[in-house]
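A single chain comes next, written as structure tokens; it is the form predicted on its own.
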Amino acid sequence: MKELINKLSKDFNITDAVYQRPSLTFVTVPKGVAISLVTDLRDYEGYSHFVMMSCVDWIEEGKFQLLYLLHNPETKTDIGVKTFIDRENAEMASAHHLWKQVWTYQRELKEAFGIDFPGSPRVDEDFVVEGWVEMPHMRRDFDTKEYSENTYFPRPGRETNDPATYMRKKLYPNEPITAKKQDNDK
């Protein structure tokens, strides 16, 4: 794998390479090079299988990290191509022309993180969360607790239970709960 990474470094400005295990390597490249590298890996290096695409929110740095994971069925190796994009006005070139299923991942990332992939099919349509008008729900600055408190209200008759004690009562209904057992549950 190191030979391949050295070869690719000459043309694609690889800024970091992490050799996770013999069959899995992650490389980081600038945003403008990512789709070209993914294309090269598919067309010339045998990484013909698109495994997945994901995103990590690096809110402290004001960046999103996109990951394209590819598999080479002949060598049974995987390579992850990582790139960083700005969180503000997040946009990345589409890779849907390389594999048909990529547009589904891009559509999900648009809904979950607010990342735009211009030209990607149906990227502006609802994906999972229909009619969502709030901040994209997978961004780290989305406050799930506040959203839940403002959206869902307690119903009369509901009670809060200690999970360990509650499950013990459910699993062993005939066994008395003693003070010692309650202390052990905590």
Partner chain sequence: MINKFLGFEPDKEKLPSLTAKIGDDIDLSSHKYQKIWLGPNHPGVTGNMSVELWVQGNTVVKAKTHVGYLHRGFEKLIERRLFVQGFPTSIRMCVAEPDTNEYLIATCTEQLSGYDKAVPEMAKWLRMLSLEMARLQGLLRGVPGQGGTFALGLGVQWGVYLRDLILDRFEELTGARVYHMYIIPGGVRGLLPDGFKERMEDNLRDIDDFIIRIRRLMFHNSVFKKRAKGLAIVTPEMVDKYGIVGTTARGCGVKRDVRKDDPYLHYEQLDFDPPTDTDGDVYARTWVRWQELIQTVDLIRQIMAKMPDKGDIKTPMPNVLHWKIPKGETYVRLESGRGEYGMYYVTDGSDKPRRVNLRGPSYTHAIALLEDLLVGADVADVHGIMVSLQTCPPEIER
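Note that the structure is a prediction, hence the values are computed from the model and not measured. Residue numbers count along the first chain shown, from 1.
Absent from the display: the form predicted together with the partner chain. The rest refers to it.
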item: Contact label in the model of the complex: residue 10 to the partner chain, heavy atom within 4.5 Å; value: no
item: Interface membership of residue 31, the partner chain in the model of the complex, 4.5 Å heavy atom rule; value: no
item: Partner proximity in the model of the complex: residue 147 to the partner chain, non-hydrogen atom cutoff 4.5 Å; value: no
item: Residue 64, heavy atom within 4.5 angstroms of the partner chain in the model of the complex; value: no
item: Partner contacts in the model of the complex for 21-44 (non-hydrogen atom within 4.5 angstroms of the partner chain); value: 21, 23, 24, 26
